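Only one chain is given next, in structure tokens, and it is the form predicted on its own.
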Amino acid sequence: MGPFVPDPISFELNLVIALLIGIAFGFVLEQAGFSSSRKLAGLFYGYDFTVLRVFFSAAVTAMGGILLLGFAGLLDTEAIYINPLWLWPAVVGGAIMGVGFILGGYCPGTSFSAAAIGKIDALFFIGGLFLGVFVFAEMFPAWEEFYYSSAFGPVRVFDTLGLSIGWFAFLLIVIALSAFAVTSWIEKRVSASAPSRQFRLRPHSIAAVATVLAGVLLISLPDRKSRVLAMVTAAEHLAACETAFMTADELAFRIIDREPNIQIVDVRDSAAFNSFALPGAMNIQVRNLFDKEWNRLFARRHVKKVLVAEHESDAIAAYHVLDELGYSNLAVLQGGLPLFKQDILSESTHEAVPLHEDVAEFRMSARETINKLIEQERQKPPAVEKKPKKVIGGC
């Protein structure tokens, strides 16, 4: 699953690729007429709303593409970086940028597009931009406290509104189409040469209806992660698919034998894992099994991946997620961690059926060895939590 930037591409090469994409983006802006300050300023004077239509179209297109790629399993939407929100600094910064937009006729991106074709006013705008950056940086201590105030973290609008992402996508489409209609009406009232006067009603109406229908489809379109999780926990799926189990005794034997071709994967939350973990276990929660950073771990076919959890059903869900993702050589710890603790790690055993002498002797030996290994791992310094790599981008 994406992000699309493969790991072998270095950070430096990423910058080169970003530069090439930026040049292509600037070319498209120029071809769309965004190198004209008069066209851009028309948004604020009401005679040309091309900017609004382009940005709404870009938002709807990108949103639909992301949702469809997530549904197809080609993009991990949770790996997309979300800019943290500092509310009041963002409001003030947006107002300053808006004033600069009206006065100069450009935003930062379009100013470079215009400068590339030799627009003198764009060069002055860029000069003012760099001057503003310099003043901001030099006087940063004066407004540092305000800069970091009202921090809300990475906020997503649909989460704040309590909507599903599909419903938010549909509403954004409706808002965009309504804005297109209203601004076209305003344009025609304000300017005799408004771009909207060239619009043909029939094809635009058909496109609007098709877009609304696409929005209706997005309402019920789950991403692949949610779809797979819902499927593997369904009773019909569990009844139709076999699950391979490993007994507590076999797992204990492999642990004390220090078998290299085994990997214990603990799918509980991090708090439970930090309070108790089997030797050599890795903590990967079920939703994170989709992350591409684990591909190398799970793709090793010669390694038996043993899924453990507090409840056996959670480990079974993880088993079928990995099976659905195409990984093999999997097993679930039978009875979950409670049974392992009872049979192997606990000294007070009251077996309904007396154990065979060899089994009892093995468990006694395993108990001592595994408890020592657990204690040794507890003495180790805590591992630095690896933060997931996010895809950073934006205008």
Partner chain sequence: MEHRTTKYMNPYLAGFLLGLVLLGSIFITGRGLGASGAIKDTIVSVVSGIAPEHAAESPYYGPLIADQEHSPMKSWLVFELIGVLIGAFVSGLISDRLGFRSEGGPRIQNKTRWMFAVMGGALFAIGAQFARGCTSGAALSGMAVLSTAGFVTMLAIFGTGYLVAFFFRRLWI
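Numbering follows the first chain given and starts at 1. Predicted model, so just to flag it, every value in this text is computed and none were measured.
Beyond what is shown, the protein has a form predicted together with its partner chain; the following relates to that form.
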Note: its partner chain not shown here; in the predicted bound form, the stretch from 261-269, 80-88, 230-238, 277-285 having heavy atoms within 4.5 Å of it is 80-88
So its partner chain isn't shown here. In the predicted bound form, which residue out of 290, 319, 298, 125 has a non-hydrogen atom within 4.5 Å of it?
125
The one option of 210, 216, 102, 72 with any heavy atom within 4.5 Å of its partner chain in the predicted bound form is 102
Quick one: does residue 305 come within 4.5 Å of its partner chain in the predicted bound form, counting heavy atoms only?
no
State yes or no: in the predicted bound form, is some non-hydrogen atom of residue 340 no more than 4.5 angstroms from a non-hydrogen atom of its partner chain?
no
Is residue 121 close enough to touch its partner chain in the predicted bound form, meaning at least one heavy atom pair within 4.5 Å?
yes
Report whether the minimum heavy atom distance between residue 222 and its partner chain in the predicted bound form is within 4.5 Å.
no
Is it true that 18, 93 and 146 each have at least one non-hydrogen atom within 4.5 Å of its partner chain in the predicted bound form?
yes
What are the residues of 140-160, in order along the chain, with a heavy atom within 4.5 Å of its partner chain in the predicted bound form?
140, 141, 143, 144, 146, 147, 148, 155, 156, 157, 158, 160
